[in-house]
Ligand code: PMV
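Only one chain comes next, encoded as structure tokens, the form predicted alone.
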């Protein structure tokens, strides 16, 4: 067996501002306590071979720069990420990559960004290179373009840096490590936030949802601008509520944000029903997270309500998560 390197990256959930972040509006997202692990092993076959729950892919090493060759491959962003790392380091070798995830793919939890981020770190490590998180982030965004065409970068940012992040116009601010002025009325940092993440079981198609939103914006610019302003107002208020650790207000804003996304046309009856059931069983607030059309619901709870909510939603795949402090890490 050749050299081996293992890296992992966390899942993500967007708390506020999805869809509109692409149009310059702010968003708040967090890393979840679930991870993807990428185990990379040098092989002597001159191939890039990828295995995950999506299946297996094999691309000859000399063809990894030919994206048309694997444009329909489920691991195309992984192969592209490998090619970029090798080109950057000017080191080439056949590699086997095993991707193992603690959370489901296709559910709006940033699986494509987490897998590309973990892969980039593991490939760099296998060649003995130290790659900065800023470089990992940049390469992950490039890989995401193969999947989402025009990504905001928020998924890659959360998977790379971890924590609770404010994202606007490409600028990233880590909220849960910020030091506030003594003059600030509220100096909380959101570390105690706890969510129940509920999978609807409906695989979402981020690309189609993004195009649906874009089409809506082009067909009714005035309404779309109004919704975008509402999204920004909700996110700004949420930022203040997080700093004040005002769970009731954060929850209220989450539910309000879901209503806005419903009006935008990216929710559905299943997602709405999970939101309603979460609220009925004591959640402070709940909303879809990510592109919509399927995927997951996030519900804000306190320590005593998390298990109650899990029991109430036992027919769905669900888990409790706080904010994951670490982004991408080398595990071995």
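All figures in this text were calculated on a predicted structure; none of them were measured in a lab. Numbering follows the first chain given and starts at 1.
Not on display, but discussed next: the form predicted together with the ligand.
message: How about residue 290 - does it come within 4.5 Å of the ligand in the predicted complex, if we only consider non-hydrogen atoms?
response: Yes, residue 290 lies within 4.5 Å of the ligand in the predicted complex.
- prompt: Is residue 22 close enough to the ligand in the predicted complex to count, meaning some heavy atom within 4.5 Å?
  reply: Although the ligand is absent here, residue 22 would touch it in the predicted complex, with heavy atoms inside 4.5 Å.
field: residue 163 within 4.5 Å of the ligand in the predicted complex, heavy atoms
entry: Residue 163: no contact with the ligand in the predicted complex.
- prompt: Might residue 152 be said to contact the ligand in the predicted complex, defining contact as any heavy atom within 4.5 Å?
  reply: Yes, residue 152 is a contact residue.
- prompt: Non-hydrogen atoms within 4.5 angstroms of the ligand in the predicted complex: do 29, 33 and 324 all have one?
  reply: Zero of three within 4.5 Å in the predicted complex.
- request: Would you point out which of 133 to 141, 116 to 124, 199 to 207, 248 to 256 contains residues with a non-hydrogen atom within 4.5 Å of the ligand in the predicted complex?
  value: Of the stretches listed, the one contacting the partner is 199 to 207.
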